[in-house]
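Here you get one chain, nothing else, as structure tokens; it is the form predicted alone.
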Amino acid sequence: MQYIIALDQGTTSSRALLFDQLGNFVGLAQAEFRQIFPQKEWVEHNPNEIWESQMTVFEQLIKEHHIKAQYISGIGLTNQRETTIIWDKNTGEPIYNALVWQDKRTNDICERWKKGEWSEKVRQKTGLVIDSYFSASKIRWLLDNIPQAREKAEKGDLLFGTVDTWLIWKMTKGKVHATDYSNASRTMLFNIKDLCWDSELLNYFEIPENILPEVRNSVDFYGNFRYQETNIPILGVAGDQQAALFGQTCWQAGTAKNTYGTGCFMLINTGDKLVVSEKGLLSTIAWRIGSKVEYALEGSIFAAGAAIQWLRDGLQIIKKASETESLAFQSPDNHGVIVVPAFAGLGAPYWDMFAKGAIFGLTRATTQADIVRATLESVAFQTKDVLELMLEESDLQLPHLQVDGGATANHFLMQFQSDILGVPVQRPVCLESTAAGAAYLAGIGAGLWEKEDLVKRKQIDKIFYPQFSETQRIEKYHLWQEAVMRILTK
């Protein structure tokens, strides 16, 4: 039996997951690591702790499953995107902690960059909006604020990488400084049309190109990881959301996945067509395999699991998230209650950062079950908001929605999601879509399987089919839109 190991380096934990030669998920090991908050809105990780935690779970996984290194055909790597690390290529030591994608210290830099024509240039070249979320402003801050950093960078003594690049460099003992197309497309420095680091943007942002990694295919040889006297090839790399899209086998234009976490990340495959959004969605490279680049549109929903946490911790009307399903089913209808969980403003298609959440339609007859149901419905409504925009801008049709993440265990939410979208919602047996995507990429690189094999073997746990009439769907969505309009500040 041959195996693939997926390294899934996330924002709060590092994980290693084992897949067998048929692509079946076998087991995992996981370890959390420190979150560092030096100041308000600053979020950092220690790069060495990321590395150490990732190696710890790798070894734990191998020992627990009694796997010998020679039976590992390859390693797939997926990672928290945009998080920025710069290190000294001579000593291998980071010049500072990693600036995490959540870090907001560079907001002022981004506001300066937005002046004049640069917002539109960045959007057209990179598919992104100028924001501290992406890597470019984080690189600039490190070069400007860490003593001698810019001087060393100009001399060619520093290297930049997102977390995948850092791990590859460490695993290959400094022999490989590379990233893949999906991660490069999240830096705000990569031209996703011309498929290269963009010299005009680099000049404007004052970032030297010599610190940037080589960009390789998502299925490629990234060097060997030496373990137990064996060379294990690193064969697949993708950023976490693109990996989840791949792991859900969303390989045709028009196929989409939604990951239900604290927020939701929705991506739709647009094939070889790059769609530059006019309404605030992000355009990104999904992956490149062989000579073929595939693109995706991405939209974020700010409050999904966060809304359920609010029911538990804020309103204290549930003790655990799993209670929401039975409570929602106790409310045969929401009795006109609409919850708009704009705890951090609203994203696409409204883009109102100053909007505040609200509950509409309360009466003396309103129950806890009604509020719980309306909160779950709000997650599905927000998903519809983003998906409608994606389909409008891409001119695609959606055959079904693939889902993953913790909230997909909630049958009420998944059924209502299908009802309000009017398409089937497919929940796979293996909810580890992100790690599966990394494993599939590596397995393709190792020659263990073809994409067609993975589609045939994919196991669906449950398909939720729409039950609403078109009239019901329109009426309910109209009530949601009316409620949203009442909280917008612009």
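From 1 onward, residues are counted along the sequence shown. Here the structure is a predicted model, which means the values were calculated and not measured.
Omitted from view is the form predicted together with adenosine-5'-diphosphate, to which the following refers.
With respect to adenosine-5'-diphosphate in the predicted complex, the three residues 95, 162 and 166 uniformly fall beyond 4.5 angstroms at the level of their nearest heavy atom. Contact annotation: residue 306 falls within 4.5 Å of adenosine-5'-diphosphate in the predicted complex, judged by heavy atom distances.
The shortest heavy atom separation between residue 261 and adenosine-5'-diphosphate in the predicted complex is within 4.5 Å. In the predicted complex, residue 405 approaches adenosine-5'-diphosphate with a heavy atom inside 4.5 Å. In the predicted complex, adenosine-5'-diphosphate sits beyond 4.5 Å of every heavy atom of residue 224. This chain is displayed without adenosine-5'-diphosphate, yet in the predicted complex the stretch 405-413 from 405-413, 194-202, 250-258, 340-348 comes within 4.5 Å of it by heavy atoms.
Listed residues 322, 210, 124, 366 were compared with adenosine-5'-diphosphate in the predicted complex; 322 is the one with a heavy atom within 4.5 Å. Checked against adenosine-5'-diphosphate in the predicted complex, the residues 139, 75, 376, 297 give one hit for a heavy atom within 4.5 Å, which is 376.
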